[in-house]
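One chain follows as structure tokens, the form predicted alone.
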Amino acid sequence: MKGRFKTFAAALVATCAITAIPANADNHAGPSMADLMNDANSHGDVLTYGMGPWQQRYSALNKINTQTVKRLVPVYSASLGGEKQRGQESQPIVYDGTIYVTGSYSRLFAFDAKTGEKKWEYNARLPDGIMPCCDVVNRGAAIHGDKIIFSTLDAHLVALNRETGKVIWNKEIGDYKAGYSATAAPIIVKDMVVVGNSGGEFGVVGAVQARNVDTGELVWNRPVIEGHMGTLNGKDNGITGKTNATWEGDLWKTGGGATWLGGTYDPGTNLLYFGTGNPAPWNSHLRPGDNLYTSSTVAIDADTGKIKWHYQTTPHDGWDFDGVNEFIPFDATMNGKKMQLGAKADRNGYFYVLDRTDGKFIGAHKFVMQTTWADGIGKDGRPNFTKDGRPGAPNGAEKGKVVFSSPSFLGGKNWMPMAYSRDTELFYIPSNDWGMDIWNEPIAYKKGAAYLGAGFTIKPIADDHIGALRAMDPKTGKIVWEYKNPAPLWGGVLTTGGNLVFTGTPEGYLKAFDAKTGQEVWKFQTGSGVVGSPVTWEDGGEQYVAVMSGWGGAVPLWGGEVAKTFKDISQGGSLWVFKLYNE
């Protein structure tokens, strides 16, 4: 294990040397590119979304472990205040004695890390016409030098001075009047801020943008629907794919594929991995073909913005199986061969392992109770579609044949990020077991209007649970253990060198599990549903854990019959920080 750790650290150091970016010697200058690339191995701060460019959400810290976790107590709770509650999906950033969190309605807060005292607050001035499809959430910020940067619901990127909260630059990344919005945490790569867009339900075109972190000016733009032109330094940089190869007529012009969850970065290959959303409209009978590059993972050259490889998990998607789920790099030995791999737990219910250097399919395994749309993934990596699993085509003005589909469109796994432990070599997947009645309807594109052409009702499929945290072995596809939760799980996961796995529940608990066995070893009631992503760091010889509490997200909006499992949950908006009580 120690050898792998050294290999990972060496790869990051080598990358930083190649880019000739020196580490900052003092905290006043702020974290440098080298600091960000080393975030997975530095334990005194949390500088990046996912705790490192690979976003494994693993920390080697072990003072809080299966033996000591019973002494874990809150240090403070800092309220976001006001009436703007709803879903709090943010991951905290921790640097130089300050915790930065984003809040619902495009807000950003700076709190004293030791006391929880608020240092400053920024509220984006949002227009009335914003169109977030799935709650007014935000998933976190990026830090670099003197800036803290986040995306907003009116499809802007905003860079603030991290010490004062004053605006340094503010750039539009999409037209909110056409349905574009933004909720992802940006990532910083080679002094560029890289971000995707939201809005797939409105017929937007998904894209990945890289901007100069100091000025916000566009460096490159890569649309992820074939037929659209990319740019590099203001000049054309090649069409994505081949126009009309997998889309008929002009449907590619409003093809969806929103990249709304952001991406990961592998310094070794210099590739950015972004998931792409569902094709538009949902009614698949209107758009024959695979509809590249929707419901896929695309690997993009960080320097040029060109797609190096792609892998489509749900060709010709007809169930809203967004492929945006994070692709997490990891190294492993399989069949005696050391491999550079990546894994993704897809909304369609299958866990995929690919060669991250070229996108070659290695394997796929079901991680949910039931998949009705496909009965497996073939050796070629394409799904074995089931007969009658696809909702029918509309007949004139009448809706098409209703089918029951599992998972539901909210997915076997949705936005909530999984974690990978370098100790257990397991992935910990926050998932949900549920299905839906789904049907297609006639639809025509209208700028800024919902572009679905489908209807649905979500239903439970199990008597004893909906949510399930599952530990999966990526080498075998075996589910090693699972924890079942009555209400849907919607929060991120953290795993540590203390043999622990942390995640939250809608019922308001932050919970810790034994990483090897799945035994629940600790829980704390935060007063509202936990849908944020926990983090950990060390300061003054003590290990801290922080998480956001505040129930919301897409589930309360679209829950259907499963809503009765969370009907009594109160909303909220608080940052909770914990450490061990010294006996």
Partner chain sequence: MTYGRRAFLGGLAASAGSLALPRMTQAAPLANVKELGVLRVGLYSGNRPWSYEEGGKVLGIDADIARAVADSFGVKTDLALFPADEEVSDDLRNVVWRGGLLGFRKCDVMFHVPFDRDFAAKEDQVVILAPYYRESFGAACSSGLPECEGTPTEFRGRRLAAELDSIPDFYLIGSFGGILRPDVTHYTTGFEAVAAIKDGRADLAVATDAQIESALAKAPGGDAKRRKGPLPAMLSPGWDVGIAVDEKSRSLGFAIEEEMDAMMASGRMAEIFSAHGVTWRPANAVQV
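The shown structure was predicted, so the numbers you read here are calculated from the model rather than taken from an experiment. Positions refer to the first chain, counted from 1.
Keep in mind the form predicted in complex with its partner chain is missing from the figure; the text below concerns it.
Of the residues Thr254, Thr98, Thr357, Thr372, just one reaches its partner chain in the predicted complex with a heavy atom at 4.5 Å or closer; this is Thr254. Of the candidates Val75, Val219, Met131, Ile377, Met131 is the one whose heavy atoms come within 4.5 Å of its partner chain in the predicted complex; the others do not.
Proximity of Phe202 to its partner chain in the predicted complex: non-hydrogen atoms within 4.5 Å are present. Contact check for Pro223: every heavy atom lies farther than 4.5 Å from its partner chain in the predicted complex. In the predicted complex, its partner chain sits beyond 4.5 Å of every heavy atom of Gly508.
By the criterion of a heavy atom within 4.5 Å, Gly336 is excluded from the residues contacting its partner chain in the predicted complex. Within 4.5 Å of its partner chain in the predicted complex, a heavy atom is found for all three of Tyr105, Leu153 and Gly448. Partner proximity in the predicted complex, defined as non-hydrogen atoms within 4.5 angstroms of its partner chain, places exactly one of 245-253, 481-489, 67-75, 347-355 at the interface: 245-253. Interface residues of 278-312, taken as those with a heavy atom within 4.5 Å of its partner chain in the predicted complex (partner not displayed): Pro281, His285, Leu286, Pro288, in sequence order. In the predicted complex, the Cα atoms of Lys446 and His156 sit 3 Å or more farther from each other than they do here. In the predicted complex, the Cα-Cα separation between Glu248 and Pro442 grows by 3 Å or more relative to the displayed conformation.
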